[in-house]
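Just one chain follows, in the form predicted alone, and it is written as structure tokens.
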């Protein structure tokens, strides 16, 4: 869409939001259709594809043997990166990750890391010498709004289906036997992001692209099964009142359970 069309759409979204309505006729908490596929990459240790209302994200997990960080010799590590492909949105440009890609990767990573979903000590091969490094690569293929939730769904599904490669020793050094596995990567939680936008006084979950453009404020909340909140990321220039934040957190717990039920059926 050109700038004039976006301005028209934003104005329409805001006028509807003033009445508590959405441009696609969803309820305030309704998610768009969600489709999840697993094992989309043949050579990845775990992978998933998510289509959330036209927002499409692929995730691949690769496990490598590395050295532990000096301050945590008894722990492996998890790392997440994201790439916003130019085909996904006219505003995405080729080249090194920009601030939007970095934010997306960090927010998804923080939701997983702070939940302690992966026991980092279980990733140790030889304490102080060799550990598993778990890399999650996110690729945004199409952006129709709410990248955070789509990327979160893709990342956690890929991790939940990931397998730990078989290791053999060549002398004293462990080597990965590609194509052979020793078990599944164990997750104790399924942390997921739920994103909300504030448009005027209305608050909607799973914002579409027009709603993202019209938003005064945005917030993403990561939750786990017991209703705990593990991470929060605020976006856009507007603000939320304390009362609005309380409402958002309550709704995030409910929407997190809804998304987890979908993931559990897939994994």
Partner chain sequence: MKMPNDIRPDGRKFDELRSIEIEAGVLDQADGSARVKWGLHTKIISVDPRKEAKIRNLAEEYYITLRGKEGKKLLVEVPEKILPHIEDDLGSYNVVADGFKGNVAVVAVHGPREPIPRHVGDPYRSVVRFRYTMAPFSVPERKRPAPGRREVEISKVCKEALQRIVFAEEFPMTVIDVFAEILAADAGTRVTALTAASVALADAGIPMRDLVSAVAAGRAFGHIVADLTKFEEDAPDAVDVPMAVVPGTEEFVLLQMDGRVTKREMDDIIELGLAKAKEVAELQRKALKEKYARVVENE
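Positions refer to the first chain, counted from 1. Just so it is clear, the model here is predicted, and its values are computed rather than measured.
Unshown form predicted in complex with its partner chain; subsequent notes refer to it.
Its partner chain is not shown here, and in the predicted complex it never comes within 4.5 Å of any heavy atom of residue 187. For residue 238, no non-hydrogen atom is located within 4.5 Å of its partner chain in the predicted complex, even though that partner is not displayed. At the 4.5 Å threshold, heavy atoms of residue 218 stay clear of its partner chain in the predicted complex, well away from it. Using a 4.5 angstroms threshold between heavy atoms, residue 54 counts as touching its partner chain in the predicted complex. Proximity to its partner chain in the predicted complex, defined as a heavy atom within 4.5 Å, singles out one entry of 224, 203, 58, 214, which is 58. Only one of 120, 88, 125, 101 comes within 4.5 Å of its partner chain in the predicted complex through a heavy atom, and that residue is 88. Note that among 110 to 118, 137 to 145, 70 to 78, 189 to 197, the stretch whose heavy atoms approach its partner chain to within 4.5 Å in the predicted complex is 137 to 145. Taking a 4.5 Å heavy atom cutoff to its partner chain in the predicted complex, the contacting residues in 20 to 45 are 41, 42, 43, 44.
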